[in-house]
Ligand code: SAH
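Take a look at this single chain in structure tokens; it is the form predicted alone.
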């Protein structure tokens, strides 16, 4: 008997990855096959399981490399193979997303299916532009219309009916026909001074909003070079945009920031910057990998010293691999170079015994000696990268401390696909010397004169300066401090 799988249409929302629903995320992460569209954020696509078969059926205006009937057939065939199939679509699958068409063939063959609604750009783009699509004092209805005509055809819109409704009009897929829409509404009796708005790339950090009137709508679209995806809004509520535009008020709105951290660490900083409005792009220049085997039995040592979160992660992985856990650390003192390293310990239920006020190896050594938190009777086990700055062990040994160094992870440069054009970014961020060197190696350059770099600490800054970057250093060696420094620079 033929075993049938299942197809779930999942609406990914308009662009901001945080607008993906919890249900959509859960189903996507369980998929065997993902058939996905063009207008999806990289963060949403990153949720696809590594083991899933990924099929790109993305469309551009006038260019459909995978015809709709073939997409329908792909969904059917994969489901008949017994697979759990996710059809991942931008916005909402049932709002001009052709979701209904994709279900018809499945229904004919008795294939089970579901639909997970997504937030449509018709509402989200307006909201991110400060436009409430309904307002008791201005209108009492909302109308969503496709401004896209079939190839070679004319717009099939009853403009007279729309004008009589006196509500907010939202035109999707409409940029190419902005002039025809404006003409149609005017000819049907709408006042040429009616407020309008065009929202390009709605909910993305690069969102652009253009305000106009019905009379100036077509010229505004042309003069500003508006590109798809964009939404056209017509109605009195568009006049509220300047008053309610919360998105444009974000402190880093309009700034492009390149983040060079390792792939596994990027999400926190990228999320932090995007919440501040920045168009933050990840381009990992290094990656860390645990060193195995290594001798790091904690038994003989009274103090364990960690200089990075990667070291903590590698060490705990080693404990698990050797059949042990945090109980073997009972009675040990844990010293960390900074707050992020200490936070990694917190994940395992352990609070660091000492963290210096300035997050680097030299300050860790000098401050722990000044604080008297360890003595010459202690034995130090220093766990860190295979290549690291010498100040920490040198200072401790100069003061009579018994120090053993063990490399628990190594850092190596990686060259990602599609290297970035740094001229398209306002600033590049570096959280280590390795990130600086990794970017230089990836781009095949030694001189970056004229490119601004934000660095997490003095040693990283010194390395960036050697490569010619115009360097700014955060006040503290934390991601939060780096974000605050970007805001401060923007305000100067």
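Computed from a predicted model, the values in this text were never measured in an experiment. Residue numbers count along the first chain shown, from 1.
The following text describes the form predicted in complex with S-adenosyl-L-homocysteine (SAH), which does not appear among the structures shown.
S.K.: With the partner left out of view, is residue 316 within 4.5 angstroms of S-adenosyl-L-homocysteine (SAH) in the model of the complex by any non-hydrogen atom?
M.R.: Because no heavy atom of residue 316 falls inside 4.5 Å of S-adenosyl-L-homocysteine (SAH) in the model of the complex, the answer is no.
S.K.: Report whether the minimum heavy atom distance between residue 172 and S-adenosyl-L-homocysteine (SAH) in the model of the complex is within 4.5 Å.
M.R.: So residue 172 counts as contacting S-adenosyl-L-homocysteine (SAH).
S.K.: Might residue 272 be said to contact S-adenosyl-L-homocysteine (SAH) in the model of the complex, defining contact as any heavy atom within 4.5 Å?
M.R.: Residue 272 lies outside the contact set for S-adenosyl-L-homocysteine (SAH).
S.K.: If you check in the model of the complex, is residue 95 within 4.5 Å of S-adenosyl-L-homocysteine (SAH), heavy atoms only?
M.R.: Judged by the heavy-atom cut-off of 4.5 Å, residue 95 is in contact with S-adenosyl-L-homocysteine (SAH) in the model of the complex.
S.K.: S-adenosyl-L-homocysteine (SAH) isn't shown here, but in the model of the complex which of 338, 361, 235, 202 has a heavy atom within 4.5 Å of it?
M.R.: Looking at 338, 361, 235, 202 one by one, just 202 meets the 4.5 Å heavy-atom criterion.
S.K.: Heavy atom within 4.5 Å of S-adenosyl-L-homocysteine (SAH) in the model of the complex: which of 231, 86, 303, 217 fits that? Just give me the one.
M.R.: Here the answer is residue option 231.
S.K.: If contact means any heavy atom within 4.5 Å, which of 349-357, 70-78, 115-123, 308-316 contacts S-adenosyl-L-homocysteine (SAH) in the model of the complex?
M.R.: It is 115-123 that comes within 4.5 Å of the partner.
S.K.: Is any part of 5-24 within 4.5 angstroms of S-adenosyl-L-homocysteine (SAH) in the model of the complex by a non-hydrogen atom, and which residues would that be?
M.R.: Heavy-atom contacts to S-adenosyl-L-homocysteine (SAH) in the model of the complex: only 14.
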